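In structure tokens, the next block holds one chain alone, the form predicted on its own.
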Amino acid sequence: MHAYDELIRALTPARSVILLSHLRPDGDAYGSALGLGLCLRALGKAVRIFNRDGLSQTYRFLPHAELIERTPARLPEADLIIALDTSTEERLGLVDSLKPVVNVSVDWNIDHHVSNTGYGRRQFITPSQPATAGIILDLITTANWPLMTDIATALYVGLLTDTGSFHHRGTNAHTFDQAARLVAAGADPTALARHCYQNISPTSFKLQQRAWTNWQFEGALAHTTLTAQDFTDCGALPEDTEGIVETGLTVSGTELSAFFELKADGGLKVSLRSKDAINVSDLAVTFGGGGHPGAAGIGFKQDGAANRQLVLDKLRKAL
């Protein structure tokens, strides 16, 4: 039996499908959800795409981006609920003290994060894929479902961004074969690269300037920190942080990069990147986070400053 057969058998008879993805969505969260959603719509299914944070300004160029809605307090009825690119159920943002989302039961958990906790009734988790968009492309190819230009464009953005423009660990010959298939189906690699990497907002640029001044280097470790006041001063949004953590790895001799976001409510968001020596997913898991060997994240709801120090101590010991 082909690896995708069970998933295809589940999707084929479904008349209505809800797609969910993680908080602080990135190109792969949006791209895989839109790619699968547009394909299923082409097959005649009713599809709703929800994200608790809605659509960020950065990815408004995606075809049919208007289909991405903020997750409501009560989901509509559907034959299937599918979580995409989300390693833990908590990261779907469905549990909130102010506006919890009720009547949610994930039928399929489709992801590529090695740290995925295996939530949901069924799981399709493939860590060998560097992006969930790649899983969706292979699903569409295996099922011989439509792959029009808009679908290919959304999936290419997911593949492009989650591989760090095809240089992150895990990128391989199959990844480039996937990219070639998407380009052949109509994705424009030059235009999409410009949208993703040459189109940041002025507030994002200001925030990145602030982060640049805060970089500290301790041998092979690079780290920078931004506070809630930094965001206020720059007029920046959470989405404006994209790409900051990667900057630390551009310095020769740096093996590990960390970006700390101290939040106004006392929480902390940590983004981690590494080259080859350190598995940052393993480090993140010890604090309740997760991700990939070369890219991972952690979230703390309180004691941000103290937890920042704990993570820094752990990173120093790892090196």
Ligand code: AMP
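Remember, it's a predicted structure, so these values are computed and weren't measured experimentally. For every residue, the number given is its place in the sequence shown, counted from 1.
Keep in mind that the form predicted in complex with adenosine monophosphate (AMP) is not shown, yet the notes after this line are about it.
A.B. asks: Can you pick out, from I298, L19, L11, V311, the residue that has a heavy atom within 4.5 Å of adenosine monophosphate (AMP) in the model of the complex?
C.D. replies: Residue within 4.5 Å of the partner: I298.
A.B. asks: To verify the annotation, which of these, S274, N51, S271, T58, has a non-hydrogen atom within 4.5 Å of adenosine monophosphate (AMP) in the model of the complex?
C.D. replies: Looking at the other structure, the residue within range turns out to be S271.
A.B. asks: Is G27 one of the residues lying within 4.5 Å of adenosine monophosphate (AMP) in the model of the complex, judged by heavy atom distances?
C.D. replies: Flag for G27 set to no.
A.B. asks: Closest heavy atom of S87 to adenosine monophosphate (AMP) in the model of the complex, within 4.5 Å or not?
C.D. replies: Yes, S87 lies within 4.5 Å of adenosine monophosphate (AMP) in the model of the complex.
A.B. asks: Should G290 be counted as a contact of adenosine monophosphate (AMP) in the model of the complex, where contact means heavy atoms within 4.5 Å?
C.D. replies: Within the cut-off, so yes.
A.B. asks: Check whether H113 has any heavy atom within 4.5 Å of a heavy atom of adenosine monophosphate (AMP) in the model of the complex, and answer yes or no.
C.D. replies: Result yes; H113 sits at the interface with adenosine monophosphate (AMP) in the model of the complex.
A.B. asks: Pick from 58 to 66, 248 to 256, 43 to 51, 290 to 298: which stretch has a heavy atom within 4.5 Å of adenosine monophosphate (AMP) in the model of the complex?
C.D. replies: Heavy atoms within 4.5 Å of adenosine monophosphate (AMP) in the model of the complex occur in 290 to 298.
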